[in-house]
Every structure is written in structure tokens, then in C-alpha cells.
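Below you will find one chain, with nothing else, as C-alpha cells; this is the form predicted on its own, and questions on how it binds or moves follow later.
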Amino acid sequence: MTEQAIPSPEAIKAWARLMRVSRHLVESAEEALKKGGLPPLAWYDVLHELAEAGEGGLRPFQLIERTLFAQYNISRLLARLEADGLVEKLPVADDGRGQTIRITAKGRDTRRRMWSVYGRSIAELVGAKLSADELGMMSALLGRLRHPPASD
């Protein structure tokens, strides 16, 4: 039997603060988008990944990997984006059931409009409150949480 790890009080405090701050930042950015009459943040994430992919687009499984959405969530979101004319689904030549998702000109325009609000939110909520050194330190620390070193 392996011994169960017990988090330190400092780890519990850091975890709780990270969760609360993360929720606050996302909710604040979502509210700014909503006030601007723009779609939710999840739309930006998908449109951004598709724009970065270029004209070749991405397969749905690639979007799932890049955005970390669950498959059922990405399917519904893509259907909504397609209905609004922001993405198009194209058949894959060598895969009868497969599709490639590509951003449309309207999707690129929506992404640009969303970024003007989302980027301002990032600047106000994070950039204006921390120095460049602090931002670098925070980014490095969070990177260690996402990619922990291999354990022995």
C-alpha cells in the first residue's frame, strides 16, 4: 500500500487562492466580452486555434487537444460556430467520416473584435497589477505546475 500524500497548509492555501483568482479572472473577462456584445471566451479559444492553424484548419481531435475541451463540448461549440458562419467544416479526402474545421473571414473578424476586449481585460486584470519581473516569475511558477519534473 502506498502512503497517501497530505498537502501542506501552504499548498492548500496556494491551491485555494489559485482557484479563486482563476475563476475571478475568467469571469471578469467573460463579463467584459458580454458587455461588448461579444461571444463567450470559449469561442475565442477555438477561433484563435483555428486562425493559428492557417488555411489547412484542424481536425476536431486536434482542437480538443489544443483547447482541452471535452469532445461533446467541442462538437456543440463547433455546431454553433458553424451556424453563425464563423467556421466551416470540410470533408477529409482520405477519411469519409472525417472533417477539417477552418475559420472563415467572419470568424477572423469576430476573433479580432473579441481580442480587442479580451486583450484589454488581460492588461487591466493582470498586466496593470504586476511588474514585468513578477509576471515572468508567475508564468514560470505556473509552468512548473503544468509540466512538473519527472519524479523518481
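So that there is no doubt, residue numbering starts at 1 and follows the sequence shown. Keep in mind that this is a model prediction, so the values were computed, not measured.
Beyond what is shown, the protein has a form predicted together with the DNA; the following relates to that form.
Contact check for R59: a non-hydrogen atom falls within 4.5 Å of the DNA in the model of the complex. Remark: R66 does not count among the residues lining the DNA in the model of the complex, judged by a heavy atom distance of 4.5 Å or less.
Although the partner is absent here, Q99 sits close enough that one of its heavy atoms falls within 4.5 Å of the DNA in the model of the complex. In the model of the complex, none of the heavy atoms of E55 sits within 4.5 Å of a heavy atom of the DNA. The stretch that touches the DNA in the model of the complex, counting heavy atoms within 4.5 Å, is 66 to 74, out of 66 to 74, 45 to 53, 108 to 116, 123 to 131. Taking the DNA as it sits in the model of the complex, the stretch 27 to 46 comes within 4.5 angstroms of it through a non-hydrogen atom at just one residue, K34.
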